[in-house]
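Take a look at this one chain, the form predicted alone, written out in C-alpha cells.
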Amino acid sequence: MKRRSFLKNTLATGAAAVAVNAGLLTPTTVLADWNKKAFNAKTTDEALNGVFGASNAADSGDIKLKAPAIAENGAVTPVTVDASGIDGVESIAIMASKNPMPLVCEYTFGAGAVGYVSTRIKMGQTMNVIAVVKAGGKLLKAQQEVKVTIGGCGG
C-alpha cells in the first residue's frame, strides 16, 4: 500500500514539474499587476502622475516620515511612514528623488486600515526620501534628506 502511494505521488509530482518547465502551467492569474508607467518614470512628478494621476501633493505635518539622517549602506535604508493620524488613508507611495527610477514602492489600503508602512529601500546617493499619502482624495507629502555614505546602486 505504501509503495503504491509513493509511486503515484512521485509520478504526479514529476508530471507537474515537466508541465511547469514546458510552460503548460503558468501562474498568470496569481501574478500581481503593477503600474509600469509609474515605476518606469524618470522624475518624481512623472511617478506621481503615474500613480495618482496628479503631481500636486501638499506638504503635511500629519505624516511622520522616519529615515536615518545618514545611511551607512544605501542598499538597505530603513524608512517608516506613519500616517495613522490621518483619516481615510487610501495609499502610500515612497520615492527616492535621485534614483534612476524614483518610485520605490506604493501600498494600497483597504477601508479601515491604518496608514503605516515600514520598509527598506535602495538609494544610490544622498537625496530626499519622499512619502506621498493619498487620503480623502487629497495628496499629502513629507520629505527628508538622507545622506548615503556607501551607495546601494553600485556606488
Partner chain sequence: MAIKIRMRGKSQNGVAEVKALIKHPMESGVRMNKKTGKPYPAKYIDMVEVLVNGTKAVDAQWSGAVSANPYMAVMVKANAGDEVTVKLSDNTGETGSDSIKLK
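Positions refer to the first chain, counted from 1. Quantities reported herein were computed from a predicted structural model and do not represent experimental measurements.
Heads up, the form predicted together with its partner chain isn't pictured, but that's what we're talking about next.
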| property | result |
| --- | --- |
| All of Lys42, Phe52 and Ser97 within 4.5 Å of its partner chain in the predicted bound form, heavy atom check | no |
| Answer option from Leu48, Val104, Ile63, Ile130, heavy atom within 4.5 Å of its partner chain in the predicted bound form | Val104 |
| Partner proximity in the predicted bound form: Ala58 to its partner chain, non-hydrogen atom cutoff 4.5 Å | no |
| Non-hydrogen atom contact Ile70 with its partner chain in the predicted bound form at 4.5 angstroms | no |
| Its partner chain contact at Asn35 in the predicted bound form, heavy atom, 4.5 Å | yes |
| Proximity of Gln125 to its partner chain in the predicted bound form, heavy atoms at 4.5 Å | no |
| In the predicted bound form: members of 110-141 within 4.5 Å of its partner chain, any heavy atom | Gly110, Ala111, Gly112, Ala113, Val114, Tyr116, Val117, Ser118, Thr119, Arg120, Ile121, Lys122 |
